[in-house]
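Shown below, as structure tokens, is a lone chain in the form predicted alone; questions about how it binds or moves come after it.
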């Protein structure tokens, strides 16, 4: 069974997807981490981030996998390296390149084949897994998402104001909505889940409920 969680940054989809997969004992696929891994390898190997075809060739050559809660390229655990500010700042052109997204779509489909998977991103239900058994679009109000991000930044010692976080978030949301490829939008048959006022446990319980409803035999 494949469960897709799409939605904007700050809606809690990554933490919810990870917690749901852990609870179910399923594979958790962090698609953003896959693009970050390609970016890391491109920077290390001197592949231009403006050369979409070269990036796609590189992505095709990589064996990206999720094991023991970590992200691996071959036998190398890159979980920490891909979360640095350097990689964050460089990932967008990689994720925006149509040839790379096509390669990554095929890779994600290969990883999920024959497995029970919780996968999250922007276009998992609408593009990568259009036949997934359950598609969820996880969202929250802009103010709630900005508040969550502001708390995270303060916990890391950053000094950004809430207004600055909200403005940056609004720009990112608009950019994600108008991307030529991989645009953020719910699949036509996605279930909308609003997370305002909900804890992570609340969200996971709602997702488990949706899964059980999908699995429940329909009366004839």
Ligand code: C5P
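Positions refer to the first chain, counted from 1. Everything numeric in this text was worked out from a predicted model, so none of it was measured.
From this point on, the text means the form predicted in complex with cytidine-5'-monophosphate (C5P), which you will not see here.
| request: Sort through 161 to 169, 190 to 198, 58 to 66, 26 to 34 and report the only stretch with a non-hydrogen atom within 4.5 Å of cytidine-5'-monophosphate (C5P) in the model of the complex. | output: This holds for exactly one stretch, 26 to 34.
| field | Every residue of 19, 205 and 215 near cytidine-5'-monophosphate (C5P) in the model of the complex, heavy atom within 4.5 Å | value | Checking in the model of the complex: none of 19, 205 and 215 is within 4.5 Å of cytidine-5'-monophosphate (C5P).
| message | Considering non-hydrogen atoms and a 4.5 Å limit, does cytidine-5'-monophosphate (C5P) approach residue 101 in the model of the complex? | response | Residue 101: yes, in contact with cytidine-5'-monophosphate (C5P) in the model of the complex.
| message | Just checking whether residue 154 would be counted as a contact of cytidine-5'-monophosphate (C5P) in the model of the complex - the rule being heavy atoms within 4.5 angstroms. | response | Contact with cytidine-5'-monophosphate (C5P), no.
| field | in the model of the complex, residue 91 touching cytidine-5'-monophosphate (C5P) (heavy atom, 4.5 Å) | value | Result yes; residue 91 sits at the interface with cytidine-5'-monophosphate (C5P) in the model of the complex.
| Taking the shortest heavy atom distance, is residue 95 within 4.5 Å of cytidine-5'-monophosphate (C5P) in the model of the complex? | So residue 95 counts as contacting cytidine-5'-monophosphate (C5P).
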